[in-house]
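Only one chain is included here, represented as structure tokens and corresponding to the form predicted on its own.
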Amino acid sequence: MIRAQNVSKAYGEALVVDGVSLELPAHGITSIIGPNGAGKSTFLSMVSRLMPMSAGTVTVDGLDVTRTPSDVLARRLSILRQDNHIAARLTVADLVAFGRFPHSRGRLTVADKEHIDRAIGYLDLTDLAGRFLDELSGGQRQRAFVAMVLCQDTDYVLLDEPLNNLDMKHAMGMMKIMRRAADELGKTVVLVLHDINFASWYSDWIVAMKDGKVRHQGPASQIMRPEILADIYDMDIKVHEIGGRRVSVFYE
């Protein structure tokens, strides 16, 4: 379980994340939603230790992320950032192999290569394994980065806006892959998402942030309600149930 206690982040007098305390359940998909500037990506960056906290603590299965050695934490938790820019010209297989670094320190074993092949196949990239990243479409590159994260073989997978720059078809494909990773591989997947339709359809748990604070959290069926979404986004929203707890959201 990921547990945050009174986590804050300030830039000067600007408080971007304000005293967030929550527990993210193990297994399944948790989506963090909210308007621009809500503090979603900043919070996720602090959970993954990419960014220092101004106050508070975060633990992953009881391990304090600020005190746990990097190699230990990297075998427990992996993250895909929004800005994935790699200067070197790499093939898909080269990129995915980076996911094994916490385990192999660059000396790939037979077991590491099996993980690499498995991750490439899981993301349906086998035919593209030898292609350079700059030769791929945006959707293909994004799948390659997700394959790298899954290749790290951590219990917790954090993805910061993984649907950025993807059209509807590729975004749906990405969410299906995350759903499979949670259901078939037993991963705990935590996503920052802007599209609340995808969040409502694929998530087990939703955390709704606004103005640096957690305004609401709970199962998707409880969060995707007109009054709650109106409170988060300051606009009228219609919600229609599809398939029981799943909902489809339309804006007025």
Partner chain sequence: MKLVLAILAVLLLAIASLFIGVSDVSLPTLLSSAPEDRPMQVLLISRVPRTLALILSGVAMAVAGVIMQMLARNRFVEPSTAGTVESASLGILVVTIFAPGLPLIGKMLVASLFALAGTALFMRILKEIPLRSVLMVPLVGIMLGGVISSGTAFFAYRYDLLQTLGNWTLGDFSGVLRGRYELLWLAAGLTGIAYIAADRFTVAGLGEDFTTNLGLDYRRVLTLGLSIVAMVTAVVVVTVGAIPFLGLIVPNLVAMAMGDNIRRSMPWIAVTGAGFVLACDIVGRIIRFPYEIPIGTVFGVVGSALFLYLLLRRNARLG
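Numbering follows the first chain given and starts at 1. In this text, all values refer to a predicted model and were calculated from it rather than measured experimentally.
Keep in mind that the form predicted together with the partner chain is not shown, yet the notes after this line are about it.
Per the 4.5 Å heavy atom criterion, the partner chain in the model of the complex is contacted by stretch 128-136, the sole one of 159-167, 128-136, 115-123, 176-184. Contact check for Asp155: no non-hydrogen atom falls within 4.5 Å of the partner chain in the model of the complex. Although the partner is absent here, Leu50 lies within 4.5 Å of the partner chain in the model of the complex, judged by heavy atoms. With a 4.5 Å cutoff on heavy atoms, Ala111 does not count as touching the partner chain in the model of the complex; it lies far away. In the model of the complex, at least one heavy atom of Ile86 sits within 4.5 Å of a heavy atom of the partner chain.
Contacts between 55-76 and the partner chain, taken as any heavy atom within 4.5 Å in the model of the complex, involve Ser70, Asp71, Ala74.
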